[in-house]
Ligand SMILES: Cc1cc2nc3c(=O)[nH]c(=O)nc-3n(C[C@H](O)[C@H](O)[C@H](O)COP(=O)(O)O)c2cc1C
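A lone chain, given as structure tokens: the form predicted on its own.
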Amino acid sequence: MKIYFAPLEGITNHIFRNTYNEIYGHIDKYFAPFISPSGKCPITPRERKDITPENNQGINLVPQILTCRSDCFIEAARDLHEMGYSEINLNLGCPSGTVCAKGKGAGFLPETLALQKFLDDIYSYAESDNMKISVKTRLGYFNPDEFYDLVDIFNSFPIHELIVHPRIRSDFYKGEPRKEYFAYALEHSKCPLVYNGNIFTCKDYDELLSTFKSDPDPIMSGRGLISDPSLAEKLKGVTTKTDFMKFRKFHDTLYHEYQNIMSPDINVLYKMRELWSYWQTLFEGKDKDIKRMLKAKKYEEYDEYASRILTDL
């Protein structure tokens, strides 16, 4: 099976990707957090630093673009092509209010005529530049039944892979994914499909296998792989349990890498707090120490509680 690592803004940057790939691996594609090109600047220096091949060696990385303007998409795509990328991803799934208010991400889905024109433009470009374009989408904006028309639209274009997160915009990441719509896509989509949504455990994946007539492969996970970094190993049968010594190495490497590039202490600790909001599910019985650690404002405080949590596991 193939496993793709979904992008999470502010978390899955090149430092995280490199650390994860070195310690855990077993990821077939990493998707970078989205680039949001403007007419003045297709790729910012910060975005460029994150996706430059020099900072992603040994990683199969796919940059992602978030825009509702085909000219901005194409300009950014040309820059990415010059950097050596042959595949990029269009984000039609972001549910953020500020993003959707600008007609981007999931906010682009109701504008079906504009979306068709946009796709026509970017796939015409893709043919001329020999670029593969995949699409990450939700079922719709207001209603999941919007997906039926969206499948017809997507079928009109040579989409490299259609990554389906079977929720609508207002679902955000709550509740159960509407798997029956992915089942519809399996029967009616002409595009190669990737399932994304709520894969946190091997049991979750087994339930997917029992839901669909054909096995979902590849699959994409973001929050699941962050919450349990050993999930890819488990899904591929490399291991059946979490190796906490490996997790400690993962934690320590990320912590020290962020200390090298960020200051003061509190900025690094904010970054670690965000990661621990996912990791804490691995540490039953350590709730009090985790709460105290998350209140730390200096490295010394954080180190004391982190050592307590991670020792003798």
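So that there is no doubt, residue numbering starts at 1 and follows the sequence shown. In this text the structure is predicted, and so the values were computed from the model without any measurement.
We do not show the form predicted together with the named molecule, though everything after this point is about it.
Engineer: Partner absent here, but in the predicted complex, which of 27 to 35, 240 to 248, 47 to 55, 259 to 267 has residues with a heavy atom within 4.5 Å of the named molecule?
Structural biologist: Result for this chain: 27 to 35.
Engineer: With the named molecule left out of view, which of G140, P229, P216, G222 would have a heavy atom within 4.5 Å of it in the predicted complex?
Structural biologist: Of the candidates G140, P229, P216, G222, G222 is the one lying within 4.5 Å of the named molecule in the predicted complex.
Engineer: Is G105 near the named molecule? Define near as a heavy atom within 4.5 Å, in the predicted complex.
Structural biologist: No, G105 stays farther than 4.5 Å from the named molecule in the predicted complex.
Engineer: Just checking whether S134 would be counted as a contact of the named molecule in the predicted complex - the rule being heavy atoms within 4.5 angstroms.
Structural biologist: Close contact is absent here: in the predicted complex, S134 is far from the named molecule, nothing within 4.5 Å, heavy atoms only.
Engineer: Using heavy atoms and a 4.5 Å limit, would one call F283 a contact residue for the named molecule in the predicted complex?
Structural biologist: Because no heavy atom of F283 falls inside 4.5 Å of the named molecule in the predicted complex, the answer is no.
Engineer: When the contact criterion is heavy atoms within 4.5 Å, does W279 count as touching the named molecule in the predicted complex?
Structural biologist: Contact with the named molecule, no.
Engineer: Within 4.5 Å of the named molecule in the predicted complex, counting any non-hydrogen atom, which residues from 147 to 172 show up?
Structural biologist: Residue within 4.5 Å: H165, and no other.
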